[in-house]
Structures are given as C-alpha cells and as structure tokens.
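Shown next as structure tokens: one chain only, the form predicted alone.
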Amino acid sequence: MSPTQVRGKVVATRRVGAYHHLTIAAPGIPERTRPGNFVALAVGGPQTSMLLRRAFSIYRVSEQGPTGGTVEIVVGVHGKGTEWLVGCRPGDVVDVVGPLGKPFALPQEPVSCVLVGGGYGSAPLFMLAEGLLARGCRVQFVLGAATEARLFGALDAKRMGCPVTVTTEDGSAGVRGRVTDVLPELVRRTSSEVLYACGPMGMLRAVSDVATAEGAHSQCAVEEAMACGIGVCMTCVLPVIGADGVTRMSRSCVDGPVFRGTQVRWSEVGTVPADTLGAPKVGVR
C-alpha cells in the first residue's frame, strides 16, 4: 500500500487533559487506514527550518463528512514542532503523508483480548477495538499514565461497552501503580489469548513479558522517533528477531510500528547487538 501525500486542512482542535485532539481533512487517507497505521505531518509552516516530519498514531478516521475524509490524531507537546501543531486553528493547512506502517493483525477466531495503553499511546487502540468487536472478540482495556491528566481514552472505552481498568502512578485515578501491576491477574481471569499494546518502550517490554509468562501472544506498536516515516533515514531502527531466528535492525516505520512482542529484543533497543546480521565485528578490519 503506497502512502498518499496531501495538503490537509485542520477541521477542529480541542484539549483533552494534557493532550490535544486534532481533526484534519486528509482526502485519500481515511479509506485505506487500518488500526495501527500512522501519519507523518510536516510542522512549522512553509518557511520553517524544521525539516523533519512528526509521526502520530491514527486515533480515528471518517471516510465522509462536510470537508471530506478526516484523520484524527492525539498530540502531546514535546518540542517546537508539536507546539506549532497544537497552535493550528481550523482552516490552517498541514502537509500529511499516510497511512504509513504495518497495522495490528486481527485474530482469525473470536478470542479474548486485552488492549493496553500508556498515556496518549492508547490512541490507536480504539479503532483496533472496533475491529476486534466486529469479529466477536471480547475486549478489555487497561489504560495507565503517571497522573489522571495524562490518561487518554477511558471514557471512549466505556462508551464502547468494554470493561476498562485504569492505573495511575500517583494514584490520582484508578489503581495506584503501573498497567503491568494489574495485567497478569486480568489475563488469567479473562483467559485472554492476545495482548495489544501501545505506549512507552518500558511498558511495551513489560507487557510482552507478561504475555509470555501467561502463555498469550502480544503485539506492540513501538514509539521510536521516526524522522521520515517511509524507511529512508534509518533513525527508527531497533533489533528484531526474524522468523529464521536471525536478528536484524528493523525500521519501525515500514517494518512496524507493530511487532510481535517476542520479536523485539527489548533490553537492547538503542544498541546494535553483536550477533545482529551485518553488525560490525570487533577487531575485524
């Protein structure tokens, strides 16, 4: 599937806790989006010196509307680029490329699934939940964050009729602690066979470990920095074990962002393990 580049127009913006929700008219992208896909947005306007795009998971899409198909994203401010983006107003133009990346894989049979989101990393899980529910799967949400203001999507989960467990590290909402504190018991109690997760790397590693320990499968959408989003710049590589047992440095943007949890060498993300295919050999000239 080839991505499309469009001059999107901001339709609406609103504040959601610590985050910003943007709806952007982006014809040609919504109808080809699958849960787990993302978009890459140019930031700073036409005269900006910020050349690199910013990647965002797709929260929801609408194929039709008064302004054509729309893409919704959730933005947390982390620097000048995202600061510029959340300052956009309805009618402003944003260059959008998408849909990008490989989506979540859906089970062939109706099984019990747990969807785990950290902060606004939960954004792509709601389209996924719709797809799972349509297949007859049972869906449970576990949403966590440092504080209540940094949670995202608990109300969405309830509106979908899905049980949701909330955790916050400071205890300001739900269970005090991290998502993985409640996960093992939930997986056992619901006989869940698949765990889907999106959020910080440490959380993804922990979710993958829980899934393995409980005999479940896991799919994790990683949040590596993606400068180009189309596999050219190699800024988002991480060590991934292939079906042949060989580790390769895979690009999150085109080989992911969704990987099976057991594929990723979580403890060595940010490094090139010595046994990686093509890795430099120490002492060899």
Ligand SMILES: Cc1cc2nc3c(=O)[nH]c(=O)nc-3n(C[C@H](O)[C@H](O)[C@H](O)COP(=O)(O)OP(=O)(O)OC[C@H]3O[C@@H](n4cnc5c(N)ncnc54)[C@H](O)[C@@H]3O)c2cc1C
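Just so it is clear, the structure is predicted and the values come from calculations on it, not from any experiment. Residue positions are given as counts along the sequence shown, with the first one as 1.
There is another form of this protein, the form predicted together with this ligand, and it is not shown here; the text below is about that form.
TODO: Choose one stretch from 207 to 215, 102 to 110, 78 to 86, 131 to 139: the one whose residues place a heavy atom within 4.5 angstroms of this ligand in the model of the complex.
DONE: Correct option: 78 to 86.
Open item on the list: Going by heavy atom distances of 4.5 angstroms or less, which of Met203, Val97, Val74, Leu186 would be at the interface with this ligand in the model of the complex?
Closed with: Filtering the options by heavy-atom distance leaves Val74.
Task: 4.5 Å heavy atom contact, Arg54 to this ligand in the model of the complex - done: The answer is yes: Arg54 has a heavy atom within 4.5 Å of this ligand.
Open item on the list: Whether Ala225 contacts this ligand in the model of the complex should be assessed with a 4.5 Å heavy atom distance threshold; does it?
Closed with: Output for Ala225 is yes: heavy atoms within 4.5 Å of this ligand.
Open item on the list: Please determine whether Tyr196 contacts this ligand in the model of the complex, using a 4.5 Å cut-off between heavy atoms.
Closed with: Answer no; every heavy atom of Tyr196 is more than 4.5 Å from this ligand in the model of the complex.
Open item on the list: Suppose contact means a heavy atom within 4.5 Å; in the model of the complex, does that hold for all of Phe38, Tyr120 and Pro257 with this ligand?
Closed with: Verified in the model of the complex; spot residues all in contact, yes.
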